[in-house]
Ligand code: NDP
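One chain comes next, on its own, written as structure tokens: the form predicted on its own.
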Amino acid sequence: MLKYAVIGHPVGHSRSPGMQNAAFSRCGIDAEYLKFEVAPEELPEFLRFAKKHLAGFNLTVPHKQIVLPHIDEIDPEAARIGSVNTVKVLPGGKLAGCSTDGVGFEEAVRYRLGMELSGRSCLLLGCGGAARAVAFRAIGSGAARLVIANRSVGRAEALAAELGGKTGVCALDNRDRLAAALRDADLLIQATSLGLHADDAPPIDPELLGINPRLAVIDLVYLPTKLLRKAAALHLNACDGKEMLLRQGAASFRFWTGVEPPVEAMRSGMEHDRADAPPSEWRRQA
């Protein structure tokens, strides 16, 4: 039996196992997908394990960027983004990496929010691995404007410089600049990890969403965050990150197997996944 996994820190909330196991079952592939808690300092040890025991794996926070030096063959888009979320273990133990976050994001916006990125003005919260994939996809798909808001303005400026002239930056704690960006935005993209824990404060004051009644909102966290609850109260066009998870997971499945993913079977598996199931112990899988 082939084994696949998702790794992260934290990873207990992940619904990827239900989604990918449903795909393997529907396609008649003898494989199992698990979730493993891997702290950043454990990544080199995990990669040695993966080369021996896994056929592929997904990465979530905080591994998408720190894994890059360990990848032997990297997809050009992932190299440009500087972020990998999907890895295939090749014969001989080499690792091939790509990013499916960008296509997952664009398809989520299309299918859940009824929007195309082309011609849209976007406000992006965060500069991590998923945020970078989203930023490159938005600009590459013809967004008219992208403002990047981050705690570290320097990191936002560095990303904006990579993206080119259609971008701006502001600090997450600069309320006036955020308010101005929200007034002009068609789409707010929450791409920080804030919201993974119930007691997380939102990255911006949710009351600011009331500035723009035509604003659409996507929160890449797939839990009912405080930001999404406020968007719902304001009757804004909004969605959580489950559709992006589904669409990027389908692209990962295709990358690993070469088989067209059964998207609706994967959706059902994701929705019925026991997200509270504890991670497996990867050292015991050896």
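Here the structure is a predicted model, which is why all the values come from computation and not from measurement. When you see a residue number, it is the position in the sequence shown, counting from 1.
Quick note: we don't show the form predicted together with this ligand, though the next part is all about it.
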**OP:** Pick the stretch from 110-118, 68-76, 181-189, 147-155 whose residues have a heavy atom within 4.5 Å of this ligand in the predicted complex.
**Re:** 147-155
**OP:** Taking 4.5 Å between heavy atoms as the contact cutoff, choose which of 238, 220, 50, 250 touches this ligand in the predicted complex.
**Re:** 220
Subject >> Contact residue in the predicted complex, from 160, 170, 196, 95 (heavy atom within 4.5 Å of this ligand) >> reply: 196
Original post:
Is there a non-hydrogen atom of residue 206 within 4.5 angstroms of a non-hydrogen atom of this ligand in the predicted complex?
Top reply: no
Original post:
For residue 227, is any heavy atom within 4.5 Å of this ligand in the predicted complex, or not?
Top reply: no
**OP:** Look up in the predicted complex whether residue 128 has a non-hydrogen atom within 4.5 angstroms of this ligand, and give yes or no.
**Re:** yes
Original post:
So in the predicted complex, does any heavy atom of residue 63 sit within 4.5 Å of this ligand?
Top reply: no
